[in-house]
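In the structure tokens that follow, the same protein chain appears in two forms, which are kept apart as structure 1 and structure 2.
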Structure 1
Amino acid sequence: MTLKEVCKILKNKNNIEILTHSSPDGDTFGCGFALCLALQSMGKNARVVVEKLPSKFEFLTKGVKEQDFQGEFVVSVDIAALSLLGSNAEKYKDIIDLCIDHHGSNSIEIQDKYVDAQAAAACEIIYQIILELGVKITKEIANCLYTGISTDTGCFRFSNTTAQTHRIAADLMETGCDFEIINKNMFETKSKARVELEKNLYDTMEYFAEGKGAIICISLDMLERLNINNDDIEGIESIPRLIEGVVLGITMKEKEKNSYKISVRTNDGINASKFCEKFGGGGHTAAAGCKLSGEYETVKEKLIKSAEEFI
């Protein structure tokens, strides 16, 4: 279906519920609250259905009216599969009327579905929908859309970023949106636990192959002792790979006693997948993984030895 058709449907509906995905991110919330603000500004009843709203995203609800109504129409945003509805699955999995997403892999089987896999963020699609609906992009709406675009592109750094991404960002900037605060909160702020984790990870860091390789390890003990949650661990696999001169970075994650999930990240065309295949794993050229069992030192030496041969 076309954007025009999506907008025609939305114009004709009222009492709209907007579904966001579980393990939520800036894009699903950005889509949800931006669309909600737009629909409410058209005089419609609308609400965003969230599983939970982490405090760092609360600012996105600014200007959203709490409206009491019986839902009549359900839209899912940035949700690639019904399994991502989390605790909302039971209530909503069979009653989604419209699906708006940017995941090429989208597996939600309904008639009214708009998927643009070229969009770096689903918020790029919502931006076009809001324009097509003839709604003015307020600073509040812009903050939501900018948050989705910035988080899904790593602040315009990831390969999914396009010229269109920057052109939309430019339009959002003109509303006076809070891009500086948003990026600081999304990218620069570290939890105290994360700081402790990095300190401990650096203590485990070992270089090999004349500094072309680096390895770190997260032990179960570390996670427990520092009381680390999943958000704190996000992206740690890239820590070794981002060190100057390192072309093959290994992260050992202890999953249970003497059992490790190995994440490998590479630079300069070193094939991470080929390396992991040696241990029955695989993945992409620059990011792959495998599993290994054994004593910490044994597993580590095994990885280092074969990485030295591989590089």
Structure 2
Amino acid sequence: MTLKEVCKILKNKNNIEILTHSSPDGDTFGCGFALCLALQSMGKNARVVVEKLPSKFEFLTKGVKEQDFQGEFVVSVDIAALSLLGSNAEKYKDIIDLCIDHHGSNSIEIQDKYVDAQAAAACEIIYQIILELGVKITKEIANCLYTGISTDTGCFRFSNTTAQTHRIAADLMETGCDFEIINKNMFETKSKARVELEKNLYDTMEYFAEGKGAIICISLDMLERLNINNDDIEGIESIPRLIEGVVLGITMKEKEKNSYKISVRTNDGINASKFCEKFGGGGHTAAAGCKLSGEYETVKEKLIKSAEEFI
């Protein structure tokens, strides 16, 4: 599809539900609420479907109207696979009408799908869609879009950042977005619980492949003992990659007994998506994920062995 075709569809639809992915981040929320604000400004009924909105992202809802309507058209944003719908999967997995994403590994099989794997964040695509729709980018919309772009590029430090990324960010800054506040809240401010979590995580860290790989694990026991919520986990996956000499970092998150969400972050051109595809996952070149089940030691050793061969 082209952006014009995407916009033609959106112009002709109403009562629109916008899906975000499970374990949500700034990009999926930024996309959802920016598009919702744009559609509502066009006189349409629209709402964002979320599992749970962490308190750090509540500011993105500013200006969004609560509208009571029966959903007729479903749009997914920043969702690469149906498995990422989480608790919303049963209701929405077979009724997505339009998919907008930036993951080259997108596996959602529907007719109307727009994927730009060159976009650093899905919010870059939503920015272009909003302009094509002829909607003015307000400060509220700019805050949503900037949040998505900033968080998905690690505050413009990751290798997915492009010149276009900076141009869009500059436009959003000129619109009046609260970039300084957003970056401080997303990258500098830590709760006391987050600090305690990081202390515990470093105790779980193991190196492999002669120090080129590192792995950490967040267990259910750790989350309960430290009273950790979703806000405190945001961005934790980057910790292994920040260590000198590490080109492939793995974070294991125990979601339920013997079930793990695996997040992989890489440096130096190591393809995280290709690695995660070995386990039925995918994502971006430098950031990807998958899911594995089994005993902790078994899953950990499987990941380490595969990563050593991959490196």
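Residues that one form lacks are left out of the comparison. If you superpose the two forms and keep the largest set of C-alpha atoms that fall within 1.5 Å, you have the rigid core. Here the structure is a predicted model, which means the values were calculated and not measured. One-based numbering along structure 1's sequence throughout.
Source of structure 1: the form predicted in complex with another copy of the chain. Going by which superposition fits each C-alpha best, A193 and K291 move as one rigid unit between the two structures.
Relative to the larger rigid part, the smaller part rotates 33 degrees between the two structures, based on C-alpha fits. In the rigid-core superposition between the two structures, residue position E256 carries a C-alpha shift of 13.5 Å. Once the core is fitted, the segment that moves between the two structures, counting only runs of three or more residues with each CA displaced by at least 2 angstroms, is 193-311 alone.
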